[in-house]
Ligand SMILES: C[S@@+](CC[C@H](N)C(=O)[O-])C[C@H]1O[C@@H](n2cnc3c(N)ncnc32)[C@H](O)[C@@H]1O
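Just the one chain here, the form predicted on its own, laid out as structure tokens.
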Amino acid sequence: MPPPTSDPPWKAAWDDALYGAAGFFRRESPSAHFRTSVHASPLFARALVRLVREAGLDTLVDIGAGRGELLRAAHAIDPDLDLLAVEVAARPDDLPDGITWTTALPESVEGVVVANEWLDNIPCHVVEMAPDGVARMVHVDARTGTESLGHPLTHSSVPSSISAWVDRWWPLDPAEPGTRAEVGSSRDTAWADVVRRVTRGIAVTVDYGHMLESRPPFGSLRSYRDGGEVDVLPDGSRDVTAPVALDAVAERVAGTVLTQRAALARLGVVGARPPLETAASDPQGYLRALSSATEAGELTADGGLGDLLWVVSVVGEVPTTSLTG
């Protein structure tokens, strides 16, 4: 057996790095470090505004709102919407008055709730198959990134829910030492807590993810800073992220899984180029349509943002929409 380690398990180090008193997301603007669908085009916001209105609702809640980029765009599109940003950082000084800002989840919501690339930043435990054929907790030195193996999942100090989740959603083969699992139970619980707060409406989480048949065999921890990928290190100096087991999330909340490509197509975002002949008859209109098609193409691209997965949950009596029909 490995000796006991004084380093924290990955989940604890990760949580402190991102959300501790001096955590990354309390200090940094996400847009300075990585690009999401929100930053790629206002068409993403337009699609969500359409979803709110088709559902007969008037509220849009953005969880993990960054500096309010999504809701700024939504406010410009439809100023009559009630907009609520949920983010651990302080309210930006230049945020429009029409956007409410909070650091805590609302107790109840009647509307559309969206979390775009939020769950991948919910810290989770990491386990690894040791050379002795026993799955063990992975610990990490937050200053150096050096890892060590701790107790087996069967140890009394390890919650039984960790082993149960791994067995169900990310089974490891004792004959394959070094293979890893990122235990998504914390993500399942976090999103279930969001969905239970929706009294009537639609909850959508959007993230990079994987399904049972395609889990990354050696895990998928990544770090980003200043727009590029850097060494994984939970010291607060950089983002720490890992794609989400979204099939587990979907089962927990009885949600439907769609690719972003399919979801946005239902909401009218497609990358079709305008007819070339319109360039002569309406050059300005052609350029606007071409720009929109280019942005839509980025949002729905194979091998890029189009491969993001949406988990969609409808709560209560809500009119059928383009997305949920």
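Quick note: we count residues from 1 along the sequence shown, nothing fancier. From a predicted model like this one, the values you see are computed outputs, not experimental measurements.
Note that the form predicted together with the named molecule isn't included here; everything after this is about it.
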Contact residue in the predicted bound form, from V61, L264, V38, L48 (heavy atom within 4.5 Å of the named molecule): V38
The unique member of V109, V253, V86, I162 whose heavy atoms fall within 4.5 Å of the named molecule in the predicted bound form: V86
Residues Y19, G66 and E117 all lining the named molecule in the predicted bound form, heavy atom within 4.5 Å: yes
Heavy atom of G297 within 4.5 Å of the named molecule in the predicted bound form: no
P30: touches the named molecule in the predicted bound form, heavy atom cutoff 4.5 angstroms: yes
Interface membership of S223, the named molecule in the predicted bound form, 4.5 Å heavy atom rule: no
N121 within 4.5 Å of the named molecule in the predicted bound form, heavy atoms: yes
Listed range touching the named molecule, judged in the predicted bound form by heavy atoms within 4.5 Å, from 87-95, 147-155, 126-134, 176-184: 87-95
